[in-house]
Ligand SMILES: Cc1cc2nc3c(=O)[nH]c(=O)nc-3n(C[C@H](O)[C@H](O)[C@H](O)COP(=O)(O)OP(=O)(O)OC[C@H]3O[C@@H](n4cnc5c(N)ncnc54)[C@H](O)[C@@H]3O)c2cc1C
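Before any questions on binding or motion, here is one chain by itself as structure tokens, the form predicted alone.
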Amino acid sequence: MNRRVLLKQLMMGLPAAAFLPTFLSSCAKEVLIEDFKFTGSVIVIGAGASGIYASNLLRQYGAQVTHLEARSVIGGRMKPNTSIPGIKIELGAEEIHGKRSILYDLAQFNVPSSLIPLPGDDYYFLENQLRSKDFLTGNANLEGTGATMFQILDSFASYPGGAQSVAQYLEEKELDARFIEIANALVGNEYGADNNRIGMLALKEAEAGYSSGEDGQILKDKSLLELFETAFAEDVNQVELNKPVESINYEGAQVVVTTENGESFTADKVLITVPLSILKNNSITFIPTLPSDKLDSIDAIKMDNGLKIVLQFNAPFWVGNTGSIIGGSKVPEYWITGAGKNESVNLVTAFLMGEKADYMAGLSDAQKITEILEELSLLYPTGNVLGKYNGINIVQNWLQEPYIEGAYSYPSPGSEGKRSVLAAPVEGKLYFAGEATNFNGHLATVHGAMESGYRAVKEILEA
């Protein structure tokens, strides 16, 4: 029998309208199965957003869940930092992308007073000056070239061409050279790489599937990890830490998971939610080897480095309503970290992906700070940036994060259609979740990771 799963079941004890409105709309006509229980056992590997959420859902259905995490902390790529008094700095996932998402609903239900719209105005670095979007789209001297750029970027979901990179496509469209860095920040850097590494067909797939909305939100006085610890407290407490998995043997009737320290765990099914990088570097041995099409998908989907570097200043040098500064040649995007949270802390975050992240990662931390201060001084020539910097900084290099080893997956050339292959179960024993397995357009997001956990649990229950 096809066991159809409805939101009301998955969120037992909570109002159905409080979670997953997009899932509700797609499942509203499904048959509600009352009194269904899953009597088997499941090992969940990885305690990021998808793993924590999936464990919660599985336990609600009666599954015997063993939850293993390689690191000494939970959260995956959710990583708050509280070293600077008065603010919780997100060194990993930060924004809630749109209101039509499970993550927004989770925050709205658990910490509604903390939710605020993404604050501040965006400024773009054009010809050595910071300009508003209205200037880019309406200034007569630009002769419509800025408006053309935004029109091109907004049309990716209907891209009509073949295989090429975003950079190649923008060259084909004769994008004004003055907007190259801005376009790289808005597309490549945002997606986790740069425009040379993003494939147009894979980007089209992601853009066409995206449905959570453009109205970004943040938590003003909570971290995303705190949200999960609040919403899924019992599940978080049952995670077994410092259990890096070495091998998964699914030859027999049950699956045997062995950790690096020699412990073995046995279950009917295993849900693998580790970052894509861990599958790519063969940290986990699968016995037998994974099917060739899944190995091909792991190879095709890329995940590279990402850096967040936070600097503190004694006083602001930016305009008071600034949110993001976009289009630097060294750092694609900066933002005012305390905007909407605590603006008195005077923090600026530098956000780098792709080639610029690779370059910056090769420098010493002191050199990184020097280069960032030089660029900020160029962006704000009268702001006395160097004089206001107080020497406090936080450098987060995700490539160096143990058992993470990268930022997030991106729409690499040739990866179109591969995420659904990566997500597919193997022999009714192995199941896969995590942001890289999200094939509905929400890759590289926390809510996309949660959606993948929901999808994998549904697959387990329907097997």
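Numbering starts at 1 and runs along the sequence shown. Model, not experiment: these values are computed from the prediction.
Just so it is clear, the following notes concern the form predicted in complex with the named molecule, a form of the same protein that is not shown.
Report task. Go through 236-244, 311-319, 123-131, 200-208 and give me the stretch that gets within 4.5 Å of the named molecule in the predicted bound form, heavy atoms only. Result -> Heavy-atom contact with the partner occurs in 236-244.
Query - 4.5 Å heavy atom contact, residue 105 to the named molecule in the predicted bound form - result: Judged by the heavy-atom cut-off of 4.5 Å, residue 105 is well away from the named molecule in the predicted bound form.
Query raised in the report: Any of the heavy atoms of residue 404 lying within 4.5 Å of the named molecule in the predicted bound form?
Result: Yes, residue 404 lies within 4.5 Å of the named molecule in the predicted bound form.
Query raised in the report: Would residue 77 sit within 4.5 Å of the named molecule in the predicted bound form, counting heavy atoms only?
Result: Within the cut-off, so yes.
Report task. Please run the contact check for residue 273 against the named molecule in the predicted bound form: heavy atoms, 4.5 angstroms, yes or no? Result -> Yes - in the predicted bound form, heavy atoms of residue 273 and the named molecule come within 4.5 Å of each other.
Query raised in the report: Of 70, 394, 424, 65, which residue is found within 4.5 angstroms of the named molecule in the predicted bound form when only non-hydrogen atoms are counted?
Result: By the 4.5 Å criterion, the partner-contacting residue is 70.
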